[in-house]
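One chain is shown next in structure tokens, namely the form predicted on its own.
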């Protein structure tokens, strides 16, 4: 019998390789009750992101988790996918997934979120692993849900963005939809920022990847899709950006945090958005500054041992 109350969560994904691992970690945790997965346009277009999500959930034997498709475009600009996760966003593995009949819900993601939040008997935590378009649409169209949200954990931004002089390196999720990011951090909800440095420090080295492959069938699946994961910030391993955000949701004690005032700033004629954090008396976000890497990897491998795929 469970001695603690599970945390009710919604995960918003743009399912690529690291999103898939993050979903597996969430599904394996006894501390999480995953109520809904919503999809966004990020690594790939939202249709492909949605199909990837359904394929991964089915493959991980969790096809019963409802999925809602999100917005095709950012709030105020056009979507431009990237290729660091392979052509299909999932390590070119999509043709190898077993066939299934899973479909997304008939309502858009932000409406599905509102429905789950309004019907929940306890506050909902949202873990956002992609651009924040769906979360912004939710908060702009359903202002009543703010008081019913425990916190929003976002994989976004960079600790060093405001220290790099002329043009800081733009973190992808903020760059794709900076207007949505600003809407979310201005909404009044409690925000936890898990910046990209967490995934760059808590990465899987090649020995970890080998252990992953040898652990079980699920590990062998992850190792295959890792082969097409190209994050130039980690030269000798696999960055765990999205998994760090889920790890915070499961156990915040894995991270050292500091309070900041955050806002989106824009650079050059393309108006590239940067999440700028600074110390002030107008703190509106809590930022993860350091991760206990040993404990994070223990959490990752513990989740992997519990993960099963339908080919077993």
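Numbering follows the first chain given and starts at 1. Fair warning: this is a prediction, and the values are worked out from it, not measured in the lab.
This next part talks about the form predicted together with a small molecule, which is not shown.
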| query | finding |
| --- | --- |
| Stretch from 181-189, 202-210, 236-244, 106-114 whose residues place a heavy atom within 4.5 Å of the small molecule in the model of the complex | 236-244 |
| Partner-contacting position among 198, 138, 155, 132 - heavy atom within 4.5 Å of the small molecule in the model of the complex | 155 |
| The small molecule: the contacting residue among 223, 171, 151, 71 in the model of the complex [heavy atom, 4.5 Å] | 171 |
| Residue 38, heavy atom within 4.5 angstroms of the small molecule in the model of the complex | no |
